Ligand SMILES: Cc1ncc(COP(=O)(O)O)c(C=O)c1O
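First, one chain by itself in structure tokens, the form predicted on its own.
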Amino acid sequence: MNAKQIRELYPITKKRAYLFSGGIAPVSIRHENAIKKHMDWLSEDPDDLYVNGLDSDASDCRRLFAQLTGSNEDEVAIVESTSAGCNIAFDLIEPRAGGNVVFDDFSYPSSVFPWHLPPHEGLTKRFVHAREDGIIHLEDFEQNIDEKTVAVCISHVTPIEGFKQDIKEVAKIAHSKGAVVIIDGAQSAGAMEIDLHDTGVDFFSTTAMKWLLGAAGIAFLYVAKRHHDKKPTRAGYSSAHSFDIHDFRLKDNAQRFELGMPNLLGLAFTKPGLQILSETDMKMVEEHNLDLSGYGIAGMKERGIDVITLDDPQYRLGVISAKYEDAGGLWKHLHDQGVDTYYFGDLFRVDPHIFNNRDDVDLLLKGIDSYIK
């Protein structure tokens, strides 16, 4: 499918300019049908759902996510959130006396806070700082990562600045020193072409509810095959080969990091979004999102908006972030005019996706004009 065909699947595009895919995905016609089918199943024959439906959506979602991210299905675990997936990865890191963990200035709180808890509270926390050009340079990672670094934990695309990291190069630097790389992919998966095997990262955690066009309460954790021998700190029936309580053997794939029943309604909602993306070319999705974000950045700057996301496509993707003193007032004005964005404090954010077009961005810019006036 192309962008125009995907747009036709989303009823909201006929009423509003929805520009917040980095927060929560809207509903398509396919999602509506999938939820209706699931609810009908629960209403009319939940026993059949339990016997025949539990594994199908889960395995389909694992398979589709793997296809979209250049990984294998046995490297994908279904978890409940990006943070949950990251925490599973953190728990697999052996504490090391005198060790350190490396972040950057743009790291998400959920990637930093857990490292202050046992058993990792003794690790030194190092932050790679952005330079005056707004870029976190690879040379600065090299200076902060050493033989005592146990992990590098960063976002692929940062939610506050909209900065895109070169995770492949960061992984090369980290691995040369013996450190593992854990990536928060909440603002990249579904918005760009990704080949996790090519990047070389060890763990990649992301939510379904944003660019993957899925549901809250469903997330995916990629665990590179070389880590499948690591033991989780928790276990449930989904983790084990057998249901026999006298025969505990962990599965030999990423499912050893799953516990039990997943969010069935969430999986039913998530699968259509993954299918929509799988029916298109992710390189096209990436180029489309870069075009719309570039167009939005240029238009916002022309209007005097302090955009902090970089112009260079090498360092951005779909998230456009700006500083605006009355971000809440601007958000409300736009929302009342049928343009959906996001604000937090003085942060104003716009996240166009594959179902958006330049007309949506023009409505945003027109709304900014009327607010300023």
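Heads up: residue numbers just count along the shown sequence, starting at 1. What you are looking at is a predicted structure, and each value in this text was computed from that prediction instead of being measured.
This next part talks about the form predicted in complex with this ligand, which is not shown.
Undergrad: Which residue, Ser83, Asn100, Asn253, Gln275, is the contact with this ligand in the predicted bound form, using a 4.5 Å heavy atom cutoff?
TA: In short, Ser83.
Undergrad: Are all three of Pro159, Asp184 and Lys210 close to this ligand in the predicted bound form, meaning a heavy atom of each within 4.5 Å?
TA: So, yes: the whole triplet contacts this ligand.
Undergrad: Any of the heavy atoms of Tyr295 lying within 4.5 Å of this ligand in the predicted bound form?
TA: Tyr295: no, not in contact with this ligand in the predicted bound form.
Undergrad: With heavy atoms only and a cut-off of 4.5 Å, decide whether Phe127 touches this ligand in the predicted bound form.
TA: Contact with this ligand, no.
Undergrad: Using a 4.5 angstroms cut-off on non-hydrogen atoms, would Phe90 count as touching this ligand in the predicted bound form?
TA: Although this ligand is absent here, Phe90 would stay clear of it in the predicted bound form, with no heavy atoms inside 4.5 Å.
Undergrad: Decide whether Ser71 counts as a contact residue for this ligand in the predicted bound form under a heavy atom distance cut-off of 4.5 Å.
TA: No, no contact at 4.5 Å.
Undergrad: Tell me which of 299-307, 151-159, 286-294, 228-236 has residues with heavy atoms within 4.5 angstroms of this ligand in the predicted bound form?
TA: Going through the listed ranges, the match is 151-159.
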